[in-house]
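Just the one chain here, laid out as structure tokens, in the form predicted alone.
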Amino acid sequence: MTPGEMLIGGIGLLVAAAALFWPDRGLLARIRAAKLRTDQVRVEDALKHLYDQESKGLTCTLDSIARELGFPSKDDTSLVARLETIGLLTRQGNVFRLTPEGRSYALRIIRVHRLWERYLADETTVSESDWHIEAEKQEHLITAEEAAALDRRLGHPAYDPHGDPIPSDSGELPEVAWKTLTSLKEGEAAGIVHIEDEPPAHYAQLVAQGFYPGLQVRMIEQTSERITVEANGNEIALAPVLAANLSVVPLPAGEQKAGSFRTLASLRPGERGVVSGISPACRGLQRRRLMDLGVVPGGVIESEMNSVTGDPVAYSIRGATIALRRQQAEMVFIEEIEGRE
């Protein structure tokens, strides 16, 4: 081997060693960082589960952690032992409880999760069904300083888009006085204040049926097989297991709507209505677009004509003609008027 070949070989070895052992950026450093992130996610997910169980008055056991996090049993035992050693939980027989330090840590993670959901709802076009998934990723990455900046940007919101209270940076939570929808008696009216977003399949079904925080509902009928409520002039039937995921606050008679609102989508060509509001389910860029087009409370809007396929529909408002998809029109509440100039 010539000296030049030896030199090239030596340089190659140095490059390979650097790629493997370089501090912070080498392969081994990246592997260690990935493992630390995995361990961090496991710790934080376990603390969230403990907090969730305690807030619901349920006990947390090794089995419940295993089901929630999907770990092998040996990993669960190791994780719990680690949390106990560093003072984040205590054990009482087979039941685990958060220490004050563990509760504070859990609330920091929950704060980031709910702030990020609020951000996605208010300032992006990310689908509602993806808010929770995206927030699950960000809750392990955003620092306390970044969370504080996001909180300021959003105007210090008290609740996430599902109605869950957002912990303050000091770990305080707004007080809630919720009842489940199933607790209402026939004829009682209430406003929805929270929709449980887990399991995701149940949440997606409730959203598809038009439920959102702020919606007013009236109990029509309740049996062991079905619960029927009235909302925005429509009757909606729910399985009890889905209805239990809706939390409400009963409304005094003076705060209940007089009559039912129709949606813009229900207008036929030639019919007019006064805009009474936009559904809280319409958020972010989509909501701003409707308002920029003149779809604001008090505005008179008329259905002009349907397209060949029936979607979109042309509407007249403030002397201009706009086209809206049916999905958009269903988010605009109106009161029909006849013969009004």
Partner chain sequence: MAYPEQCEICPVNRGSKLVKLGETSDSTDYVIALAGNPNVGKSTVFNNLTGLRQHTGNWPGKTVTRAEGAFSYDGSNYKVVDLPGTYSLMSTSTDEEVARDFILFGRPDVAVVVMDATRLERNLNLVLQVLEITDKAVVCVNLVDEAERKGITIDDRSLARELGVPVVLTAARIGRGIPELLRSIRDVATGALVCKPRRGWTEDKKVKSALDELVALIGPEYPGLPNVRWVALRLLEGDQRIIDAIRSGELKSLALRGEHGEEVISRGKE
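Residue numbers count along the first chain shown, from 1. Between two forms, the rigid core is the largest collection of C-alphas that superpose within 1.5 Å. All values reported here derive from a predicted model rather than from experimental measurement.
There is also a form predicted together with its partner chain; it is not shown, and the following applies to it.
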Might L62 be said to contact its partner chain in the predicted complex, defining contact as any heavy atom within 4.5 Å? no
Would you please decide whether L293 lies within 4.5 angstroms of its partner chain in the predicted complex, comparing each non-hydrogen atom pair? yes
Find out whether any non-hydrogen atom of R152 is located within 4.5 angstroms of its partner chain in the predicted complex, and reply yes or no. yes
Contact with its partner chain in the predicted complex for H156, defined as at least one heavy atom pair within 4.5 Å: yes or no? yes
Quick one: core overlaid, is V295 moving 2 Å or more at the Cα between this form and the one not shown? yes
Can we say the CA of E304 moves by at least 2 Å between this form and the one not shown when the core is superposed? yes
